[in-house]
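This document opens with one chain alone, in structure tokens, the form predicted on its own.
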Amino acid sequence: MVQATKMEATRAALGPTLIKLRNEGLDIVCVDADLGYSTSAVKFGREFPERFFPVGVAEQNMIGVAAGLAATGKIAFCSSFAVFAPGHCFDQLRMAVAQPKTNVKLVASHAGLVTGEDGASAQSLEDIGLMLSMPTFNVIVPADSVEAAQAIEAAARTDGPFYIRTMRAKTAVVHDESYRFQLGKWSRLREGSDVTLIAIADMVKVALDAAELLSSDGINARVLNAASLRPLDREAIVAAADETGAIVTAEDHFVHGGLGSLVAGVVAEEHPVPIEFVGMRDRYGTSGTSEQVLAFFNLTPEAVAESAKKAIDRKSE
């Protein structure tokens, strides 16, 4: 297995990054729906109280206020849990942000199964699909805290709507400080010629561990971190299909509407090859630690490795 030298929650990047950007002169404001301690947005509020707008438990209002601030020229960030935003405020996001292309950046924490002990009602498995359904939103899913901070900065420096999905649980830091996040580009974390493992968020470390398992069987697996879902790195997908001939996607989200659907669409259009999908399908989550729920739903290195072998076997069909 790939040993993680550092574990950090991607949600912890928001507050400190916004402070840094404001200190650099960016016209940042932040709207909060009563979860700033959990999303780390409150750290920005302590430093710049005149730029921090808590609206209480009112996610729909949060989006409206953020859109209004953006309309005055501000770089408007807002934050909540992914089950609440976009879950409670899809119409406001569609009408006040997506259609007019308002300069609003929604950073949603506590996404995916790894919200853990809070159970199915708090585990957002549809949020990526909801946000991708609005074509003007940039959709970013950082793999670690290093990438999360850089993605937040990229959003602040790029005009238009952004959705950045972060996690409650501490996850492995897979990038070092030399890494540079780029919109529309996926980082290749491991070379390989037999199969490509494409993963997002906490599943990136799972894919790296799966590649180690496959290596022991003489299989060379490429690993891609697909952090930028819109804009999508179509070139990386086509290269994976052309150069390795088999693909596995891995996500802490429903396969339909998420990473799997995106990759399958490009492969079908550009270069058909066998694809296997690791992710949630026909049921919601359950309560447990992040490790327990990932194991319960078979989102593990062993499952990714087995799917890779199936995809490789299908090459000759």
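Numbering starts at 1 and follows the sequence shown. In this text, all values refer to a predicted model and were calculated from it rather than measured experimentally.
The same protein has a further form, the form predicted in complex with another copy of the chain, not shown here; the description that follows concerns it.
Stretch-level contact analysis of 217-225, 185-193, 83-91, 204-212 against another copy of the chain in the predicted bound form, using heavy atoms and a 4.5 Å limit, identifies 83-91. Although the partner is absent here, Glu126 lies within 4.5 Å of another copy of the chain in the predicted bound form, judged by heavy atoms. In the predicted bound form, another copy of the chain stays beyond 4.5 Å of every heavy atom belonging to Thr158. Remark: Ala268 counts among the residues lining another copy of the chain in the predicted bound form, judged by a heavy atom distance of 4.5 Å or less. Proximity of Lys6 to another copy of the chain in the predicted bound form: non-hydrogen atoms within 4.5 Å are absent; the residue sits far from the partner.
Each of Ala120, Leu130 and Gly257 is positioned with at least one heavy atom within 4.5 Å of another copy of the chain in the predicted bound form. For the candidate set Ala172, Ala98, Ala241, Ala154, a heavy atom within 4.5 Å of another copy of the chain in the predicted bound form is found for exactly one residue, namely Ala98.
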